[in-house]
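We begin with a single chain expressed as structure tokens, specifically the form predicted alone.
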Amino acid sequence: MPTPIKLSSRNDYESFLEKFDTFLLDCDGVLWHGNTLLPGVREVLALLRQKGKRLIFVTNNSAKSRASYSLKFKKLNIEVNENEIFCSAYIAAYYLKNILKFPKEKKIYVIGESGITEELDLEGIRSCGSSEDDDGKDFDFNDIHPDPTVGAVLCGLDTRINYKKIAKAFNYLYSNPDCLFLLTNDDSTIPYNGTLYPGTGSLVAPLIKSLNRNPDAVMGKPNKPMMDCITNEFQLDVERTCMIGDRLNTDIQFGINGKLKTLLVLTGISKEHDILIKNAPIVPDYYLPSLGDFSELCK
């Protein structure tokens, strides 16, 4: 497997940028940490716009809708159009409506945050669960019953997950083999403030184990539904498109699966030794310490 190219000089940066017209960028770990913008990022994104590059922001975070992400970009003083944002909550709603042709008479049981329900609402898809099962009441098995109107269980990151939600989801899937089992993403961990916490993939492990069933589809990187949604919106020239991310098994694998060139930045989860070890399983085409390093070209 070829050794990744480290970008380390002004000439490297200029040569790299000239190769591409479109950049797909992960967000947390690439642009920001939590609500803190990483150094130089605003300047780099403005530079790419000035050079006529097309920017597409792709994130597995399902907690926010595209509208919420637009507000976050605005607060960080970054120019963005909502149609440039592809979050896993939007991908799930798009997939249900346009790919699965989800029946109008059915509804989705959601384990997740408001980003998912907001995106489903915008697509005219009914949902239940989510915040309504955060009631804090004592759990009673007698309160859970099969519901033939639930046509899918959709799971994302849920910081208020509880046994009631898992039991309801299990019941809908167990009692109805035709009920779809969908994930916004299957990340095992999520980054926050320089450390890691359990991600969606870890939270849904009890359902996978108890049902002895894998999800029918996973929306986010590195899976196909997200790339299908992007290519449906934008015509990508794969030879002139680069995926930029901080995580090998999601961002970089996503680019590889889509036959794109890839750039790993070291401001997030994956580190230099992960790609330079012998027989590294996932290797980007390029890497550099930080996206902000390109701000050298602004001087």
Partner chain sequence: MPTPIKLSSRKDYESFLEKFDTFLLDCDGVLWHGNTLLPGVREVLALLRQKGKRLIFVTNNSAKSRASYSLKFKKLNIEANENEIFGSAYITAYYLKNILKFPKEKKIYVIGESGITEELDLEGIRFCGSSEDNDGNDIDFNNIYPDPTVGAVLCGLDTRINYKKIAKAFNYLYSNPDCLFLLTNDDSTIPYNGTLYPGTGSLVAPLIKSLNRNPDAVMGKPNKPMMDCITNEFQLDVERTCMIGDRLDTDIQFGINGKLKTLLVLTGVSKEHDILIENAPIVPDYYLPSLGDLSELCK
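Note that the structure is predicted; figures quoted are calculated from it, not measured. Numbering follows the first chain given and starts at 1.
The same protein has a further form, the form predicted in complex with the partner chain, not shown here; the description that follows concerns it.
Taking the partner from the other structure, the partner chain in the model of the complex has a heavy atom within 4.5 Å of a heavy atom of T159. Contact check for V150: no non-hydrogen atom falls within 4.5 Å of the partner chain in the model of the complex. The partner chain in the model of the complex comes within 4.5 Å of a heavy atom belonging to S188.
The partner chain in the model of the complex comes within 4.5 Å of a heavy atom belonging to I144.
From the list 72-80, 164-172, 117-125, 94-102, the contact stretch for the partner chain in the model of the complex under a 4.5 Å heavy atom rule is 164-172. Counting a residue when any of its non-hydrogen atoms is within 4.5 Å of the partner chain in the model of the complex, the hits in 172-210 run Y174, S188, T189, I190, Y192, N193, T195, L196, Y197, P198, G201, S202, L203, A205, P206, K209, S210.
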